Every structure is written in structure tokens, then in C-alpha cells.
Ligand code: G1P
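What follows is a single chain, given as C-alpha cells, in the form predicted on its own.
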């Protein structure tokens, strides 16, 4: 079965970016002029995804509104002849995609957020993307490669990258036998980490995981951990690591968000030259 649905858990508070995120969801923070959540949806579209499930909270209505039509804005742009901006606004949601929002009533962890999407996902294999993890990789992108792997082999997959051993306590860490994942540990201390291969922000999962998450006990941090659900399925499913090409920016951190903005600005010919000149002036 092809992967045609992606879950975006976007209910977090974004406390690292307060006060900016007091009323603006962290997923709406821009990379130059495009919100993180829109970049995630665009990556999903390139992977052939058609259904997007936003797992939101009461304070995240702005994300739903971003993917809805804004008739007043569109009429104003059309009246003023601002065709280029009008097309930008109308293209926020790629053609052929549908967005459904469900609520996570309590912040009980990533596994619980994914479980909240079950009524929409149903019995389909599906993808999960964390918009905070912005992956700048060759077209069509990281998720497209993972979806293609599933289409060829039927395997589920987790995007992974090497991290310094002293940082294993920030991630889910995998063990491998050949090119198969044999174990997953959530946020192990460096001395206990089975490897330094960390899970980062992209998953292709079987629908069986919903049953596991529904009956899961709280794990690390007292939350229902997605990695614990994955670990319970490893004996019966083929899980493989995806070592993506390109660079990941941790946009859940201030430094990562700034780095991503710089990287995207240098992609824009109108910004690259003046930005480079400004940096040379201030860093010399």
C-alpha cells in the first residue's frame, strides 16, 4: 500500500521561543517568509501525500487558518493587481492536498499525539513529520525517499543521523543488525546508549502502532513515547533506518532556527548578495 497520509503533531507550547510563541504557534515561525509547518506540508506533497492530519491544541488555531482560504485577503490582492502575491497565498496548500485537524486534549507525549490521529488515519500505513526538524535535502526530499522505500519493500523506516555521544539523552537512539533496526531506546544517557544513531523527525509507520500506543504505559518523562510503541513492533515488522542526504536544522532551538533562516536566505538571489556583504562587514 502506498503512503498517502501524514500526521503533523503541532500541539506543543514552544516555550523555548517565548514570548514570540505566546500567541503565535512555534510551527508558524517563518524560515525567511514561509512558516515551518508549510515547509513540512510541501515536503509531504513532494512525497505524494494527499491527506495531512494536524494534531493541534486549543491555542493552535492559527495553523488551521493558515491552510484555509482567506477570501478578504485574496480579494484585496486581486483588486490591487498583486497577482504574484495572490498566487503565493492561494498556493499555501499544495494542489490536491486535504487538511484535517484533530485535538490533543492533554500534552501526554509524542506517542499520544500520534494516537489522536487514529480516527482519520484508520487502517493505513502512514508518515509522521515533526515540523521542528527541517531537513534540507535534495529533491524530492527526505520523506519522499522513505515513502519510496516503503513502496519498494513494504518496510517501515525512521530518519536517522549520527549525533555526538554526549547528546544521546536528547533523542531516540536505535540499534542495527545490518540494515534493520533491532532496538530503540528513548533518550538514553551517553553511557547506556546502544549507538549514536538518532531518530530525527520523519517516520513511516504501520497502523498496528495505534493499538500499542493505546495501551502503552508512560515512559521517559512520564509521557507516552512514540519510540516505545515502535520498540514493541520491531519483532513483527521490518523497520529500517533512513540516512538522509543533506542537512537537518533543529528549529525547535533558537540556534537551529537562526541557522535555517540563514541557509534559506542564501538560496534567494535577492537576499544572498546583500546578506553576505552585511555579514562580511560585521564579522571582519
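Positions refer to the first chain, counted from 1. Values in this document were obtained by computation on a predicted structure and should not be read as measured data.
Just so you know, the form predicted in complex with this ligand exists too; it's not on screen, but the next bit is about it.
- Heavy atoms within 4.5 Å of this ligand in the model of the complex map, among the stretches 180 to 188, 114 to 122, 206 to 214, 141 to 149, onto 180 to 188 alone.
- Of the residues given (156, 127, 200, 193), 200 alone sits with a heavy atom within 4.5 Å of this ligand in the model of the complex.
- This ligand in the model of the complex is not approached by residue 160, whose heavy atoms all lie more than 4.5 angstroms from it.
- In the model of the complex, this ligand sits beyond 4.5 Å of every heavy atom of residue 135.
- Residue contact with this ligand in the model of the complex: residue 225 places a heavy atom within 4.5 Å of it.
- Although the partner is absent here, residue 172 is a contact residue: one of its heavy atoms lies within 4.5 angstroms of this ligand in the model of the complex.
- Residues from 25 to 59 do not approach this ligand in the model of the complex: none has a non-hydrogen atom within 4.5 Å of it.
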